[in-house]
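In C-alpha cells, the next block holds one chain alone, the form predicted alone.
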C-alpha cells in the first residue's frame, strides 16, 4: 500500500465499509505529507489531541480558502448565512459559543437536555411501535433518521406540524458535506439543491426567530434570540447560522452513531444481550462506540497559522492538516487491544467528539439520544439479526455511516 495513494484510499468509497486497515497503515507514518500542495495527515492519538488544543491550528474558513482547500470545504455552501462558530477562531468563536452554550444546556441550563429524556423515550417508543407487524426494517429510514430530527426540532422550538419540512431540507444539506460533492459535473445539481434547501431553511427560521423575539417561549431558539449576557446578543444572522449548525451537524452525527451502534451490537451479540438485561450499560457502550466506530472519522478543515513541529516534522505556516480521529481512536500507543470492541474498558478517553475549543457542541444531546435509542432497541426487538453485512454505506468519508441497515427480528416486546 504505497504512501503516495494514502489520502486517496481514505476517501475511496471502496474502503468505506472497513477503513481501519487503511488507518493502521497510515499510523506507520504518523505525520504524512504526500504532495507538495496537499494536506498533512496526522493519525496518532497523542498528536491529534495536542493539535486540537494548539492555538496555531485555525478553523477559520478564510484561512482554509487561503490554503487552497476547495475540494473538502463544502460547508461554505451557506445560502447567504455567515459561517457558524464551528468555522471561526477566537475571540469570535468563543463569544458565539458561550452564548450558544447558555441556551443549549450544561453548565448554564443543566436541565434543558435532561428534561427532554421523557420526550425522547416517547419518540423512541412511537417509532418502534410504528414497526407494527413487520419482521424486517430499515433502521436508518424508520428509526435512526427521524429520531434526532424530531428531537432537535423540539429543542429549538419548531412547531410539530412543521417538523416534516425540516426532514425535506436535511437530506440535501447533509449530502453537501460529502467530500466528493462538487468534484464532477454530475454534482452541480446536488450543490444547487443544497443551496436552495439552506436558503429555504434560513427563511423559515428567520420567521420563527422574529416570532420568538416578540413572544419568547421555553425553547432554545427563544434563548438565542433574547440572550443579553456579558457577551451581548447574537445578530439575526448569527442565530440562524447557529440553528442550522445544530440541526445539520447534530442530526447526521447522531444518525450515524445510532446506526453504527446497532450494527456493532448485532456483530457482538453478547453486549446486545447484556444491554437488554442492564440498560445502564448503555453509557459505557456509547463511549466505546465513539472510540471504536466514531461517526466523525476525520477533521479536514484545519490550517496552520504558524510553523508547527510534530514528531520532528515541521509543518509550515499556511499548510492544511487532516486530523484522522478514527485512526487515533485505534492507536495502540494509547489503547490496549484497540481493534477490540470492549465497553468494559476502564479508560475510554476517545476522540469521538474531538477535543479543545471545538469539541462537539451537541455531545450531551447525542450521548443521551443514543443511550436511549440503543437500550430501547435492545429491549424491544426479539432476536434481531442483520439482513446484510456489511450494509451499504453513504459516500461521505468524513461523516461515515450506513445508508441503510436492514434488521430482521421475530417480533416486538
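Positions refer to the first chain, counted from 1. Since the model is a prediction, treat every value here as computed from it, not as a measurement.
Same protein, other form: the form predicted in complex with a small molecule, not shown, and the subject of what follows.
Contact with the small molecule in the predicted complex, defined as a heavy atom within 4.5 Å, is made by none of 268, 368 and 378.
In the predicted complex, residue 386 stays away from the small molecule, with no heavy atom inside 4.5 Å. Within this chain, residue 62 is remote from the site of the small molecule in the predicted complex, having no heavy atom within 4.5 Å. At a distance threshold of 4.5 angstroms between non-hydrogen atoms, residue 303 is out of contact with the small molecule in the predicted complex. In the predicted complex, none of the heavy atoms of residue 173 sits within 4.5 Å of a heavy atom of the small molecule.
The partner is absent here; in the predicted complex, the one residue of 169, 85, 147, 292 having a heavy atom within 4.5 Å of the small molecule is 85. Scanning 321, 208, 197, 246 against the small molecule in the predicted complex with a 4.5 Å heavy atom cut-off leaves one residue, 246. Proximity to the small molecule in the predicted complex, taken as heavy atoms within 4.5 Å, picks out 351 to 359 from the listed stretches 351 to 359, 25 to 33, 378 to 386, 39 to 47.
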